[in-house]
Every structure is written in structure tokens, then in C-alpha cells.
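Just one chain follows, in the form predicted on its own, and it is written as C-alpha cells.
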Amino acid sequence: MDEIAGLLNKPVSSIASLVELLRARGLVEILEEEKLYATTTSEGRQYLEALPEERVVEVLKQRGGEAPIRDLEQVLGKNIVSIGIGWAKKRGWIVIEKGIAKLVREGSLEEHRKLLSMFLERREVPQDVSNSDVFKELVQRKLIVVERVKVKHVKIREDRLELAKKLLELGEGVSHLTHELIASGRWRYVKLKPYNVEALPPIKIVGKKHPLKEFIEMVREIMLSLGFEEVRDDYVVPEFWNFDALFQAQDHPSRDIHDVLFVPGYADLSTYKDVVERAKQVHETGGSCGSIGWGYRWSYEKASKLLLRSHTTAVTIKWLYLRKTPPVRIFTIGKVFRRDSIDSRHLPEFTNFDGVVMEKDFNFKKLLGLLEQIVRGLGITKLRFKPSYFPFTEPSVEGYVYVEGYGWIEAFGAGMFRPEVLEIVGVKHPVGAWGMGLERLAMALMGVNDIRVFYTRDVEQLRSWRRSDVLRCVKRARH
């Protein structure tokens, strides 16, 4: 269509409209084909004279057929040697023995360099080239980048050629009469464009919130309606707030490098001298709360180490320390990070929802009642509690909710903060706490079988979500 627009000196949009009119009248056919275009990347341009493996072989020839890898790196640089040795070994040109590269046979990549030169400027890829192994290898190595372009061709039926030409010359006409056309009398001479009721209207792409964000905002609205205040903190926190303030022993398995993502550096805890000193006493001897502690020598250095928070309780416990006067109702929603393999149910980062309540007469029964209010706000009417164990709460429970189509699923963990935790943060009133992963709960409520769907790059799939999909369980409960 671009060529037709150029020949007739008309905008492509006008030509597209005219061609659609001709197609609707059976005068032309629109044929669509996909073409492959390629361009040599900036890295590929660096290898026009020789690819990394060719350079490695050339240096080895100059050194008598063998050389230590360290010497090659001094001549060619680590990056070139790393790439070159890998591909030279793959091609059977060299072998590596005890850190020494030995030349087995020489090789040339003339065809590779020829293709890199061919696509210095963006151009269409010939069929025989696109099917060649050399071209596929260069694309795999990202030395050539390819793009697929859909091209439309207009084929005019020979028996209707004259009529089609006449329509093109007349143009598409006007779609409606304006005040100017009527007042000037030019309406008598213009051609009125007929309506094509089969033509599709233009697609309007409207902005919308991500479905997971919709769900998170729904949870946030529920908490705010219950009188809670939202709090936030950094992703990178010291071990102290993530573990020590919650009375988790410094040799606890959950603090191992295989579970936690550490960050280089240490935090300055001097601002929190009082809570740090209480944590030391409670960990070592139990402090004055009736506990015997862990009975080891507590390390300030370990408590200062930085990590990516593994739960958002690291946020709520710090805010609880800052606000010791009841009543306190705070919650936080944010990303947490753990060493985990990616599959349909697990991600190394996910959204955690934590909350704490401190009141003078707060108790375990009131905590369970509050949790029931929260899940009912999500449209869930069936809830079960099961006794459980968590390092910093006692008594503790796991909460299970019933979701139609899924059955009973674990939704959260909750409990009353232990006396040791309350003494560390300097709180003298009972505190209830809970935490839940929002992606898993959203999966069940929204009928998703794979957690990775929430992080897809498929824009069309995300556009297919409707707010009603996110809120359908709530609506069902309310009606």
C-alpha cells in the first residue's frame, strides 16, 4: 500500500480506506505476506574482519599452536577470549588442557563475515539465507537481529480494472456534509462516500490497571475501611529487623544463605541502641519476660548485615517499635524476596501482606475475628483455623479458606507476638499479627493456575482481564 500511496501522492491512511472500499465492491483482493528483515548489531559490526574464535586461533598460530588462557586474555581481552574459546572448542578447533589452549586445526568463518557485511543496512532476508545454519547461528549469538514485517499487496481483478481506476481517481469522497459545503453550494459537486457497514471500526486501546494491582488495591481498601493505617519501608533491611527483633536465633536455618538474599554491606544500628540492647539481652538470657532466651553469644555484626527482606513483618515490627502507645492498627503490602525456584506456584519475589494490632485488651479470639472480617471482605465465606508454629508468635494458627473450584487452600499465618518479641520492641500490651502471600490468594479467587501469569509480558493477555474477573467473588458474596 505504501507504493500505491507514493504513486498517487496520497496519504497511506486514505489509500487504505480506498482499498477497503474497492475490496468491499469485489474489485480488488488484499494479499498479506510476512517478510523477514535483518540488521547486523553493534557487536556484529566489531567482528567484520574476524570473529572471536578466529582471533583466538590466529594468536595460537603466532604462539606455535598453544598458549595459556591468561596470555590470550592479555592480548585479546577477557571478553573476546571467553567468547572465542567457547566457540572454538565447539567447532573442534582447539582443546583446553590445564589452563592451556592448544590448536587442533585451523578454521575460517568467511560465510559468517559475509552475512554480517550483507546486513550492515536493514534489508530483507532472502529465503536461502534465512534457512542457512550460518544465519541461524548469527541470530542466536545476537550478532544479527531479525524482525518480521507483515506486508499487504493489492491485486486488482483484470475484468474490473477500469472501474477500479475510476474509483481511485475520484477519491474516497466526503463522509458527511459540513456547514461550509452547504453554505458554499459545493455540496452539488462532491461525491458522497457510501457507508460500508462491513468495515471494522478503529480499535481504541484504553489504559487499565494490572489485574494483580486491582486485587492488591481491593485488599488495601478493605484494610483502610477497618481503621488500619498503611506503612512502608525499604526493600533492603538489616538482619536485625528481619530476624533478631522477632526473636529468631542467629543460627536459625531460615537465616542461611540458601534461603535469604544477602546484600553487600552493613547497617548502622546506633540509632536504635535501646532496642538493640534489649534484643541482645533477650537472645542471650531471656531478659525480664520470663524466658530463658537462646543461651548463646549474640552478634551485633551479624544483626547488622544487609539483606533483601524475606517477609514484610520486618516492616511492621519496626513501626511497632516506633509506636508503643495503643491503639495501633497498621498494615503493609509490598514485595519480599527469597531464594526459590520458579514454577507454577513459586517465585523468588512475591507480594506479602502483613498487619499488626496492639490494644490494651486485645487477645487471640479478637485476632481470629479480625481475620474473618478481612477474608469476608474478599468475598470468602468459609474459613478454617488450624494450630501451627511460627518462630515469633504463640499461640499461632494457619488460616485456610474455601474457594469454589479449588477447595481449601492455605491463605495466611497468624498469632500473638511472643513475650520475647514484645520486650525487644518495648511494647507492654498484647499484639496480634498475621502475614499472607497475595499472589496465591489472587490465583484462587481469579481462576489462575500459574502464578507466572501475573508477570507475563503478553500485553494482549493482560488486556483480556476485566475488573469483573478480579472482583467476581466479592460481587457474588454481596449479592
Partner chain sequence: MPVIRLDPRRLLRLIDVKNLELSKLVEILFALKCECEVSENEIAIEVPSDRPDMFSAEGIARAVRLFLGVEEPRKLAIDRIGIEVEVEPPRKRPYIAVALVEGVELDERGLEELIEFQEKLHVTYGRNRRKVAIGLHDADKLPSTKLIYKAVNIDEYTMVPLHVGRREKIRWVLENTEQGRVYGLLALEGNLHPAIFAGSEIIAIPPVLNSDITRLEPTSKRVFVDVTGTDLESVLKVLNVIVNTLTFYGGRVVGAVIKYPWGTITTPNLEWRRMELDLRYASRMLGIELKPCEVAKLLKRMGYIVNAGDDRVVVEVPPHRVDILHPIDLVEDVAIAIGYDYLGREYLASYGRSEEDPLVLVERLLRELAVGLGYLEVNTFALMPSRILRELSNDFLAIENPLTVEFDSIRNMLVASLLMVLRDSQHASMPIKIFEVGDVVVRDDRSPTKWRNKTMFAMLLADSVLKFEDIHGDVYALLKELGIEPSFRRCTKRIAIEGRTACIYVDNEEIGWVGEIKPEILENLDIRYPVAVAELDVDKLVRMLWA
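Note that the structure is a prediction, hence the values are computed from the model and not measured. Positions refer to the first chain, counted from 1.
Another form exists, predicted in complex with the partner chain; not displayed. Remarks below refer to it.
Asker: Could you tell me which of 175-183, 128-136, 89-97, 266-274 sits within 4.5 Å of the partner chain in the model of the complex, going by non-hydrogen atoms?
Answerer: The contacting stretch is 266-274.
Asker: State the residue from Arg329, Lys193, Lys324, Lys302 whose non-hydrogen atoms include one within 4.5 Å of the partner chain in the model of the complex.
Answerer: In short, Arg329.
Asker: Identify, from the list Val149, Ile342, Ala199, Leu120, the residue with a heavy atom within 4.5 Å of the partner chain in the model of the complex.
Answerer: Of Val149, Ile342, Ala199, Leu120, the residue with a heavy atom within 4.5 Å of the partner chain in the model of the complex is Ile342.
Asker: Is there a heavy atom of Leu462 no more than 4.5 Å from a heavy atom of the partner chain in the model of the complex?
Answerer: Residue-level check for Leu462: yes, a contact with the partner chain.
Asker: Hey, in the model of the complex, does Leu76 get a heavy atom within 4.5 angstroms of the partner chain?
Answerer: Close contact is absent here: in the model of the complex, Leu76 is far from the partner chain, nothing within 4.5 Å, heavy atoms only.
Asker: Whether Glu111 contacts the partner chain in the model of the complex should be assessed with a 4.5 Å heavy atom distance threshold; does it?
Answerer: No - in the model of the complex, heavy atoms of Glu111 and the partner chain never come within 4.5 Å of each other.
Asker: Does any part of Glu53 reach within 4.5 Å of the partner chain in the model of the complex? Heavy atoms only, please.
Answerer: So Glu53 does not count as contacting the partner chain.
Asker: For the heavy atom contacts within 4.5 Å of the partner chain in the model of the complex, list the residues of 296-313 involved, in sequence order.
Answerer: Stretch hits, in order: Lys305, Leu306, Leu308.
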